[in-house]
Ligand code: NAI
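Just the one chain here, laid out as C-alpha cells, in the form predicted on its own.
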Amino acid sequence: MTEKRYDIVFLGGGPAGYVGAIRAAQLGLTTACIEKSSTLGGTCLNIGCIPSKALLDSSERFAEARQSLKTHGILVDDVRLDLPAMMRRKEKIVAQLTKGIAFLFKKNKIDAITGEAQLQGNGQVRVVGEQTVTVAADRIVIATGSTAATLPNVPFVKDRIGSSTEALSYPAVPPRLVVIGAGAIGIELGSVWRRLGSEVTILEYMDRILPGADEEIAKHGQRVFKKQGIVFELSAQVSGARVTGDECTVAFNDKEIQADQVLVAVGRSPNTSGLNLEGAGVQTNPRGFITVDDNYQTSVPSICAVGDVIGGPLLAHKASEEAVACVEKIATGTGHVDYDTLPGVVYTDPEVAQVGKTEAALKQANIPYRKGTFSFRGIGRSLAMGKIDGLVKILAHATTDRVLGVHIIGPHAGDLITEAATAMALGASSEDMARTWHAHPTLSEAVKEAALDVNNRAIHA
C-alpha cells in the first residue's frame, strides 16, 4: 500500500468533483480526484444530463420528420428509426466529453485516481481499485453525487423495471411504457420514447406535474404534453409492480396498468454508500444528505461536501458552482453561490425553465407582486419556427418592481432563462428588462413583452 499527499482531494469526478478540482489546480493547490468509474464526468455526463439530451434532440428530429416538416414544405417519405444508430450517436457524444475532462485534468496537472473511496480519518482516504492505495490531503471534498431513488414496493427487475439509467439504453422501443413520476426526468424520458413510438403513461403521486415549477406553467405544459400523446394519471399512489413473463403490471389506487417497460423516476438519493461517513465522523440529516455549514464544511473541519450529496435542487450547474465556491473559500477565504438566482430547466418540447420565486411561493410569503405574461404565439420568430406553444411569465415586486421570478415554457426556454437569471443577479426591475434591447425577430422578444406587461404596457398583446 502506497501513500501520496495533496493539498486537496475530491471524492467523485462529476460536475462538482471535476469542476472543483480544476478550480483548485488553477488556484495553485496540488489536487487529486478519486472516481470509482473508469471515466470522469459522473452521472451527468455518463448516464444523466448529456445522454438524455442527446436522445431528446434525436427523438425531436425524428418526430419533426414524421409530423411537422411537411408544414415547412419539406416532404420526407418513408421515415424510419435506426435506434442502434441513435444510441451510438449518444455514446459518441458521451465519450467525447469524458475524454475532454481527462484532457483538462492532464492540462491542469490533476491526478485522476480510479477506485472506491473510503474515509479513514486524519485526512486519509483509502482507495480500493486495481491497487489499494492511501491518499492523504489537508482538505477532502465529498462530491459523490446522487443515485436514482426507488420505491419500496416497486423492486427493480432486470430488463423490465428500472431507473433512468436503463431508460437511456432500451434495446428497442417499448410498445407500452409506464413512467412513475412526473418530474423533469420522467417527462423528459417519457417524451423521448413517446416520440419514438411508445404509448406512454405517466403516474404522478401529486395532483399536478412538475412539482416545484410554477403551477400556471406546469398546467400549460400538461396540456401540451397531453396533445403530444402522453397520458397522465395524477394523484396516483403506486402500491406495487410485478413482472409476468414479458409483461409488467403496475398497481395504483384501485387500478392496474400493463406495460412492456416501467421507468421509476421518483427523484434521487445521496450517493454515500461505502464512504464510511459514520466512521469518519461526518454527520448526515434524516434523509441521508451530508450536513454542511455556509462554507460547505461538514462536522469534520477538514472535510467539505458539495453538490447533490448535500441536498437542495439536484442540478449539475448547482453542484459545479458549489464546488468552485468551496475551493475559493479554502484557497482565498471568499466564495459565493447565489441560490436565489439558480435556474432550472426541463428539456422537453417545449422546454420549461424557471428562476426565482413561483407565484404560489410569493402568495404564501405575503409578498406583494405584479405579473406580466406574453405568449409565444405573438412572436414573429416563433411563428417562423413553427414553435408557438408557450409563454413567458415575469413576477416583480409590487412596490420596488424588482424581478422576483421568471417562468418560461416555450422554444429554447433553457437559453432564454439566462437573461432572467442575470437580471435578477444584478437586482434588475421589470422596467430594466423591458427597456433592454431585444433584437427583432428573436424569441427573446417574448421576455421583453412579458416585462412590459408587468405594467400593462405590452405592445403586441
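For every residue, the number given is its place in the sequence shown, counted from 1. What you are looking at is a predicted structure, and each value in this text was computed from that prediction instead of being measured.
Another form, the form predicted in complex with the named molecule, is not on view; read the next lines as being about it.
- With the partner removed from view, the residue among Gly181, Pro174, Pro270, Pro350 that has a non-hydrogen atom within 4.5 Å of the named molecule in the predicted complex turns out to be Gly181.
- Checking Pro211, Gly335, Gly123, Gly311 for any heavy atom within 4.5 Å of the named molecule in the predicted complex turns up a single hit: Pro211.
- Each of Tyr205, Ala236 and Val346 comes within 4.5 Å of the named molecule in the predicted complex, counting any heavy atom.
- Exactly one of the stretches 185-193, 223-231, 271-279, 128-136 approaches the named molecule in the predicted complex with heavy atoms within 4.5 Å, and it is 185-193.
- Under a 4.5 angstroms non-hydrogen atom cutoff, the named molecule in the predicted complex lacks Ile110 among its neighbouring residues.
- In the predicted complex, the named molecule lies within 4.5 Å of some heavy atom of Val266.
- Shown alone here, Leu151 lies within 4.5 Å of the named molecule in the predicted complex, counting heavy atoms only.
- The named molecule is not shown here, and in the predicted complex it never comes within 4.5 Å of any heavy atom of Arg402.
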